[in-house]
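Have a look below at one chain only, the form predicted on its own, in structure tokens format.
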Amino acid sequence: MLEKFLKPYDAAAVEPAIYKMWDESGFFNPDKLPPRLDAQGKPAERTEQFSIIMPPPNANGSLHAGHALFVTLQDIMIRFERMRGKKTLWYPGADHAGFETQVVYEKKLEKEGRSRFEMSREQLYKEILDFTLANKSFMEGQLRQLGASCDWSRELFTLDERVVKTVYATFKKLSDDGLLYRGSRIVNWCPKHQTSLSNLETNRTPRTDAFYYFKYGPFTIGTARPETKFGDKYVVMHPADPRYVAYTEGQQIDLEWINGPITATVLKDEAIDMEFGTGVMTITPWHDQTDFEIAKRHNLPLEQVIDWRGKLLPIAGEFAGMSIKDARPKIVEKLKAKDLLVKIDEAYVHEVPVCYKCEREIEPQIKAQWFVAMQTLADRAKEAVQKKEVTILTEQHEKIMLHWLENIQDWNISRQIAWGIPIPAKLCEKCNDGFIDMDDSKTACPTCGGPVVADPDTFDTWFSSGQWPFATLGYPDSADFKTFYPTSVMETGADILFFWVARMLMLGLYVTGKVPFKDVYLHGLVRDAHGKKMSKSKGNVISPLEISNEYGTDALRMGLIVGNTPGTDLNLDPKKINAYKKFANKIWNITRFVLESTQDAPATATLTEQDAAHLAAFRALSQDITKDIEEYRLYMAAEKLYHYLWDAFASTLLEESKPILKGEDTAAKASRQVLLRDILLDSLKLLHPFMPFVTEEIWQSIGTPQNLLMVEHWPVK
């Protein structure tokens, strides 16, 4: 037994075998956990449950540092509650990640000299499916390497039949309840990826552009986008603006414009900001949300100026077919030649919406899509947060969530991509109406009787993943749903609070009538050692698996936890990870010393007053650590354990013990031997959720384990 501890701890040699042992034990499955002993020492069933639904990693590539953080946090919670005797379920999954995965695959196609636009939807879907399933298998192996003690027997993919069935049922329910509609509205259109995006999938990038002022008849208008102005035949001002009191609603004015004479009509509308520019503007309803709303209020015709690939249409005359970027300076030059250019402000600072994946400027377009009316769902979610039916761990994030729910907008759930869950609907080729067709049986439009085709769009990934907690657990009739829903905690990144957490809350309440989780723990970004965001272009991406291979998974986990307060970003420094590699070896050496010193120790002994004080201090620490984990202060629990074992136990107590263990006082020696043994064993239990591999390896090596450490009793006495 002691011979093993004479060599330094070798994580690479230990970890695969330890994980295999855990996996084969069946204890990741809550239905196979061993019974606990009750107060009378008799086996008793685990009655209290604890459950976490794993945020399903995108099955399109390797795990990154953020994945390693969520695995570590959730595994700590699960291992802690499993050792406390609860029936624990950590439900794993993988996300098809519709748009995200298609973007990844499109980059692969580009490298191969191919394009998705040259492929049939069926061929593209098949290739992405093969690609995703291969990555999914690879990714699951990485999760195992990180020590994830999730129940692999329940693993689910977001394109599995059960998930699709649940998503379709929710889609139908929304329609039946009047919360779903198909309408032609302004959407965020990415000209590169050829799909609409939700507001959450667009970033707003600060940009300095030229701002142009042009003569528009008797008015001066300002714009940063002269390329949209070909169809502008309405000039709008605030009805209370004293500068334009002489102009009346509906008044027509003949004027010279980009491609010749036009007749403009005056509109009065309170949406106009009198303080911005000259207080008067022309509108392009097809390419601007505010203009679209004005046009709807005044029943104006709508005309597209820019096509779906970001090029000008025939309405632009001589500029038709040109890209916006190329056309803009030429349009300005033409207006200048007509003496219609008043001035140019070269330092106009504004925010431009861009695609969050390719950073190409979003082009607002009018497109018929499926929308969910969100106000009813948001009101119920807001009530749940305010009444503490669900607790968001930090006050800051709770306020952010409530603000977003109070300012909710209807949700466009249609995506113009092949990869995803098809929308079960038909579109009329005659009247353009859309209607749900759950069983693909309708062959004629119920509105006009015209011919119909299948809706080619797929669901926004967040619509399906927003149903993940109850979809995974088999709502409404499965034993898992009845046992584990609502789940105990949703741990995920703060950056997807709106993308995912809010939508899970809204849809969970809407479909099941209950919140999907009781607590929300949000972690921040994992940055490099200098606090910079990791990116391939910067060359500062840190692979968690490479760190794990070099320093050991336990060291990586401690490096991700210590100092990591909820909701804040973490700097990941390999030097810090190396310090915890040394800590793992320190625990190994502590074990060797204790084993050497307690070979002849009695089973029990009367503790000396000094040793009783040492044990009481340790028990108090154990209670503190338990409370810290219960209240999600995982970073504090980990740090306390680190300092106790390194400083109080190794540097102080063991040094103090050496003369006692060598002394002639047999009672004092027995007392100290029992103390050291008991503290070591309970320390291994306390440390196990944080550093599961080294603690389990020691536990299995000390010669007297009745169980795997992962199912031993948590040491609170």
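Computed from a predicted structure; not experimentally measured. Counting begins at 1, following the sequence as shown.
Below, we refer to the form predicted together with the RNA, which is not included among the displayed structures.
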On the criterion of a non-hydrogen atom at 4.5 angstroms or closer, are 80, 192 and 414 all touching the RNA in the predicted complex? no
Mark residue 181 yes when one of its heavy atoms lies within 4.5 Å of a heavy atom of the RNA in the predicted complex, and no otherwise. no
Test of understanding: in the predicted complex, would residue 658 fall inside 4.5 Å of the RNA by heavy atoms? yes
Can you tell me if residue 163 lies within 4.5 angstroms of the RNA in the predicted complex, counting non-hydrogen atoms only? no
Spell out, yes or no, whether the shortest heavy atom distance between residue 575 and the RNA in the predicted complex is within 4.5 Å. yes
Assert contact_stretch over 300-308, 393-401, 317-325, 456-464 against the RNA in the predicted complex, heavy atom within 4.5 Å, equals 393-401
The RNA isn't shown here, but in the predicted complex which of 281, 312, 526, 267 has a heavy atom within 4.5 Å of it? 281
Answer key: of 263, 623, 589, 386, within 4.5 Å of the RNA in the predicted complex (heavy atoms) is 589
Check each residue of 557-571 against the RNA in the predicted complex and list those with a heavy atom within 4.5 Å, in sequence order. 563, 565, 568, 571
